[in-house]
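So here's one chain in two forms, each on its own in structure tokens, numbered structure 1 and structure 2.
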Structure 1
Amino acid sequence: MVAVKAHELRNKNKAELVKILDEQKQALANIRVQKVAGGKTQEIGEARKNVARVLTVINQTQREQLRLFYQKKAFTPLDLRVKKTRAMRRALTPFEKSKKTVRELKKLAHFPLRKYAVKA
């Protein structure tokens, strides 16, 4: 069983990857049949991981392309947005937190924190 390499897969385009995925799934199905017939079962692990690798590359490149596409847009799909936690997503932005009232600004202007030194 030849192990598929992810870095080789990343050069391919979508149509080829879909074809390779089908081939790998076919290979996995064949190994399952061989297992029933009493053949080699050691390759099954490798076959499963190959399928996983192809799917990972397909999905990763798809999402990456979509993120580029949505970069300039106002609204992005929910699964491309930052996840963090629910509370953090609803918290004030750093700019909003930094806003001060006129009263506070005046206070800061009139009574700044003074630096002084004590003469030895």
Structure 2
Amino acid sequence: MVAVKAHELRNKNKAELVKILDEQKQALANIRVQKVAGGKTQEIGEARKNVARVLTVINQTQREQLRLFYQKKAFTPLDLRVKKTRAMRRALTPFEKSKKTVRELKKLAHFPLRKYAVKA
């Protein structure tokens, strides 16, 4: 069994990928039948990984298309948002950090920072 290369799968369309996936699943089923009959068992691992590679490429391309679709929208689905950390997601935005209260604005207006001329 020849390993499927992920970079070769990336330039195929969805229909071709589904066709390859069906072929790989069929090959895996055949290898399982051979195993019961007393055949080689090493090929099962490679067949399973081939199926996983095809599914991974399908999922990655699908998520990439969804990211492009939601790029200009007001909201994006939770699973497409940037993960970061919980604390970073809840932190104030730079705009929110720069906002000042009315009291603070009055204080700054009435008591500006004093400038001193220091003699050298």
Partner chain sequence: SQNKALAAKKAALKGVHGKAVRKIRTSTHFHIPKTLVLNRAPKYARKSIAHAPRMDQYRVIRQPLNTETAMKKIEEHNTLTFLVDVKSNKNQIKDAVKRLYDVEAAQVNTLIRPDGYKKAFVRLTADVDALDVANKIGFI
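Predicted model only: the values in this text are computed from it and were never measured. Here, rigid core means the biggest group of C-alpha atoms that superpose within 1.5 Å across both forms. One-based numbering along structure 1's sequence throughout.
Where the criterion is the form predicted alone, structure 2 meets it and its counterpart does not. Once the rigid core is overlaid between structures 1 and 2, residue 18 does not reach a Cα shift of 2 Å, moving by less than that.
With a cut-off of 2 Å and the rigid core superposed, residue 90 has a Cα displacement that reaches or exceeds the cut-off between structures 1 and 2. With the core held fixed between structures 1 and 2, residue 115 has its Cα displaced by at least 2 Å.
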